[in-house]
Each structure stands twice: as C-alpha cells, then as structure tokens.
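Take a look at this one chain, the form predicted alone, written out in structure tokens.
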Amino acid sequence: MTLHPILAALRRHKAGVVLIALQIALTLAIVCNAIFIIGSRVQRIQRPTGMDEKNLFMVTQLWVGAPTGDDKASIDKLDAMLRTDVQTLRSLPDVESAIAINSLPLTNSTWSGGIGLKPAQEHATAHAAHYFADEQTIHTLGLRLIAGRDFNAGDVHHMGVRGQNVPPIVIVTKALADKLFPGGNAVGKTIYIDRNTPSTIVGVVARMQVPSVDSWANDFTWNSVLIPTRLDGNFSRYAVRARPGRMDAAMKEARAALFAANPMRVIGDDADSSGVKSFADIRARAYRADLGMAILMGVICLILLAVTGAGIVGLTSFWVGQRHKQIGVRRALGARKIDILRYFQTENLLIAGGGAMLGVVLALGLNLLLMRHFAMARLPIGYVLAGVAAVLALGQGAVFLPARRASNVPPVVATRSV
C-alpha cells in the first residue's frame, strides 16, 4: 500500500483532519498531565508514615475547669491529670500501650522549628517537626529504632505548653540525621533546637512523617524529632495501641474509662466531635482532597478519551459513507477486505500521529505552566510516551468498526449508479 492515495484523500478533507488532529493533541496534553497528577496524588496517599498504623487510634480531649496558669503548681496538677489518663488507658484489657503526645503524623497539627549545629546559628541547617513523647512512644507508635537507644523513664520530664525547657537528649529520624550529618553516625552528636541550648542525639528511627500534609511542609516531610517531655495543658492527645483485633472494643472502652476517671472533660474538638479516631480514619481524612483530585482527574481523562474516540468513529463513518462507491470500485478491481481495513487504519494512524506530535509539545508546555503557577513537578518523558501510545491505540481501536464496515462493501456497489 502506498501513502500517496491516502494523503491525496486527506487533502480533500482538510477541515475534518485538522479538527481530529487538534482533538487528539489536546486530549494527549491534558491526559498526560492529568495522569501525572493522579500518580503523584496516589503516591502521596500511599506513602508510609513510619508507624505501624494497624490497631492504632488517637484520643483528643479538653479538660473543663483545669488550671490555666504557668506557675509550677498549675503545671504539676495538669501533669498529674495527664499521667492519670495515660495510666487509665494502659490498664484497659484491650489496650497494649498508650502515650500522651502533642500530635501524630497526618493530623495537620504541627509543632516545628529550625535545628542548628552550633550555638546562635543564624540560619538553621534543617527544619523539623517536634513530637513530645515518653519512654513508650517508639513501642506504641510502632517506630523502628535503627541506631542508638530508646528513651527510659528517667529521661522524661514535663513542662507547660508555653514552657521553654530544651531537652538534653533527643531521638531523630534518619532523614533528619542524614540532613544534619551527611557523613553518618548521628548518635552522640550535638544539635541546637533553640539556638543556645545543646541536645544530644541518642537514637535514630527509620522514619516518622511530620503531622502536616500541606505543601508548606513538603521540604521537611520526614524530618522529625522525638523530645522526651510530657506537654501539660488543658488540651491533650493520647495515642493508643489496641491489642490485635480488639481496636473497636478498645476505642469504646477508652472513652468510657476516661469519663469514669474524670468526667470534667470534653472528648473531641471542633474539627472532630467524636474525639476517638482510628488512624485509618485519620489517614483517610488527611488525604481526602488528594483522593478527590485523583478521582476528578480520572473522570476527566475518561471523558476526554471517550469524546476523542467518538469523534474518530463519527468522522471515519462519515468518510466511509462518502466513499461507498469508490470502495466498491476498489473491491471490483481486486482489493481484498484486509486491504480496505488497512487503508482506513493507516489513514487514522497518520492523523493520530500528527495530532500526537502536536500533543507532545502542548503536554510539555502545559506542564511548564503548571510548574510555574502550582509548584507541580516536571512531567517525566515516560508519561508522554505512554500518552502517545495510548492515543494511537485509541485511534486504531475507534477506527476499527467503521473500517470493518467499509471492508464489507461488496464490489457490486460500483455498478449501482450505472
């Protein structure tokens, strides 16, 4: 088969060819970037926090009538109430362990700050989230200690939420350790959390994600510091690990037991009236916008591909109708059904190929625009090549039925108008 007859036929139908080529180009540009966005969102949703999330839940509560001062007596009373709550939770039959903690990954409640390597350092070496924890934090959260040691009970102190105490020791994540000490072996090294007071790294955990999933935290997603301090205030959070298979029971028991220990509290906050949430629910809520965006982009891709496919089917069917007699003549002159089928498939391949080349340029241009205005990452060339293959396959699939109908035109059609 030569291309000359096909090109001659396409020149006689310039408007249809241009419209279909432009439709394919726009579809390719949008679908490539949309699929990249979907992939990025799914990757965000699936990224691990570093914790063993199974059987983990969080309790959020607010004291009613609790001390609000920063004096020692008020802080000590708040700490006693906090320790009573933790002991109450730990004593439940369906609870394996429990801790008081200021936040958890994905809760979007972040306490963070800069970390330096020398006193009064003008610009921080790294930025990190602060988790106020105790000697059972690593076990309760299911973190993996990869170097150094865990906290012990003697390491843990307490302070008010407006306190300024800086701990003598800390545990950091591997990402933060590598950032601060690229040469490795961060255990035993000194860092400065408040510019003036040194803290010694005694342990390194494999990973612990920061609480925020917003874009402002992207630069330090895995930089976390565990501080052996109970944070005393009239608002508190508890991370609780239930025994395997007993989380639902443990969550019900936790609420009842805390009210029994001290009814002067509200379990929940303005954002979550339940106050007792499984970590699976926390994860689903944190990434709800990302999931919605992925679904929206997926629907847009399906609609665009369906419209483009329908356009190819419609245009090819129209051309088959116009060329009915010519097809009959070719059949009468000896053309086989497969020859007619290949003709229309080759014709579509030329149109789709031209549209795909234009679409590659548009896809890269659209990606540059998104990078400039929405901080999107650069579109990998693999997505573009996959998009080209997809639109070419779509074109061949869409043209098949009209082309098959054309191949079934009998030779006798050539004589009907005579």
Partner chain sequence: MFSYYLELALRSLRRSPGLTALMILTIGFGVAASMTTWSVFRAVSGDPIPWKSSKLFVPQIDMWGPAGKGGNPADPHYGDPPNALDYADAVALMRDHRATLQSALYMISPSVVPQQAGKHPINAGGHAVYSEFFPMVDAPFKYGSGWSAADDARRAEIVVISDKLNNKVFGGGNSVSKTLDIEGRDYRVVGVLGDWHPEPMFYDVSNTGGFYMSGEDVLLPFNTAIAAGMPNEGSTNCNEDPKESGFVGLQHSSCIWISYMAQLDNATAVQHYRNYLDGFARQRYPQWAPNTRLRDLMSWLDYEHVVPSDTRVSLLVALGLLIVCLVNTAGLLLAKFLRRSGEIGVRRALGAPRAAIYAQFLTEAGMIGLAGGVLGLLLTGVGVASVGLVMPKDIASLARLDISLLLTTLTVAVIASLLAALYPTFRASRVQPAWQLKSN
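Positions refer to the first chain, counted from 1. Note that this is a predicted model, so its numbers are computed, not measured.
Just so you know, the form predicted together with its partner chain exists too; it's not on screen, but the next bit is about it.
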item: Heavy atom distance at most 4.5 Å to its partner chain in the model of the complex, all of 141, 188 and 396; value: no
item: Contact residue in the model of the complex, chosen from 334, 182, 263, 154 - any heavy atom within 4.5 Å of its partner chain; value: 263
item: Residue (of 97, 234, 221, 346) lying close to its partner chain in the model of the complex, criterion heavy atoms within 4.5 Å; value: 234
item: Contact test in the model of the complex: residue 357 vs its partner chain, heavy atoms, 4.5 Å; value: no
item: Partner contact for residue 49 in the model of the complex: its partner chain, 4.5 angstroms, heavy atom; value: no
item: Contact test in the model of the complex: residue 146 vs its partner chain, heavy atoms, 4.5 Å; value: no
item: Partner proximity in the model of the complex: residue 407 to its partner chain, non-hydrogen atom cutoff 4.5 Å; value: no
item: Contact segment among 133 to 141, 76 to 84, 335 to 343, 296 to 304, judged by heavy atoms lying within 4.5 Å of its partner chain in the model of the complex; value: 296 to 304
item: Residues of 363 to 383 having any heavy atom within 4.5 Å of its partner chain in the model of the complex, listed in sequence order; value: 366, 369, 370, 374
